[in-house]
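Only one chain is shown below, in structure tokens, and it's the form predicted on its own.
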Amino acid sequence: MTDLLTISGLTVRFQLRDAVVEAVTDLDLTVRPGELLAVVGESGCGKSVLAHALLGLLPANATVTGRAHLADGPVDLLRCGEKTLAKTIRGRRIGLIPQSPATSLTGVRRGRRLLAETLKAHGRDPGLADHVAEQAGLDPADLHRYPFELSGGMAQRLATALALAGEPPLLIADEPTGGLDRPLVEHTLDLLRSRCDGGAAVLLITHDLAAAERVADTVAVMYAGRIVEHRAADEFFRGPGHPYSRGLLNALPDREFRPIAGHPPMLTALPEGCAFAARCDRVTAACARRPTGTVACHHPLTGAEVLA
């Protein structure tokens, strides 16, 4: 099966007055039609920067290198320019459920008008607004409200409806369950899963490992701007290979409910070798070199060590 999205060597740097933030480094990922890929990790590891880089939504102080090709073109998202992104990519070929919907919604239009205009822009019947809202778990009666009149959860559901309006083949969902109660979390996850089961693809960015376990086909773990593990979801949750991945899983309430000791390194002063070494109980002299591979660790977990 042809990959829908192929990312090669994606690197994002932010130039500050007296430092450089190494937000994403040499990231390689692929997403296939029908696949739900969950990108997981602690806050600040680069997950949202990845999403914004693909859609050209980074601030002016960002430098982006690498390639990100859509199969049906092909289009390099990192080089095609704002005009192409705005007219043919955003909403049409790649939809985005933003992490902070309240700040991304147009405040002077009611929800129904926002949704109707979006449907019309994508060549669909504006009269489908109520149907699309219901798909996203939003009561159509709430579409008469302005965004500032919506609760955080309602704004999240409206943003989800807007992302679905164009029926894009690839949907990037950046923390799409934030502010939702458990039934709506499950509704949203099932909606994303159904998109994939219908042949579309979803790139789910989340810190919620329970959500990823429920719906993901594949898991990519990010740490300090790099992918440190990339595995099939069932293999990952049964037996992670990276010590950081084990720490994330052991922090879940239904496991040990134990946080990972220490803190991630500053992205302005990353170590030469393994970025996780300062928090790892398996560190040796070899960790002074940067590890690579599907499990980027010099001492990956095996067998009984996995959840020890």
Ligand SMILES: Nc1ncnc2c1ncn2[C@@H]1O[C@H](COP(=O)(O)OP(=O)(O)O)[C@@H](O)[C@H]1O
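Residue indices: 1-based, along the sequence shown. The model shown is predicted, which means the values in this text are computed figures rather than measured ones.
A second form of this protein, the form predicted in complex with the ligand, is not displayed here; the remarks below concern that form.
- Interface residue among 30, 65, 250, 61 relative to the ligand in the predicted complex, by the heavy atom within 4.5 Å criterion: 61.
- Taken together, the three residues 121, 166 and 170 all stay farther than 4.5 Å from the ligand in the predicted complex, as judged by their closest heavy atom.
- Taking the partner from the other structure, the ligand in the predicted complex has no heavy atom within 4.5 Å of any heavy atom of residue 35.
- Although the partner is absent here, residue 10 is not a contact residue: none of its heavy atoms lies within 4.5 angstroms of the ligand in the predicted complex.
- When contacts are judged by a 4.5 Å heavy atom cut-off, residue 45 counts as touching the ligand in the predicted complex.
- Residue contact check for residue 49: one or more of its heavy atoms lie within 4.5 Å of the ligand in the predicted complex.
- Contacts of stretch 2-37 with the ligand in the predicted complex, defined by any heavy atom lying within 4.5 Å, are made by 14, 16, 21, 23, listed in sequence order.
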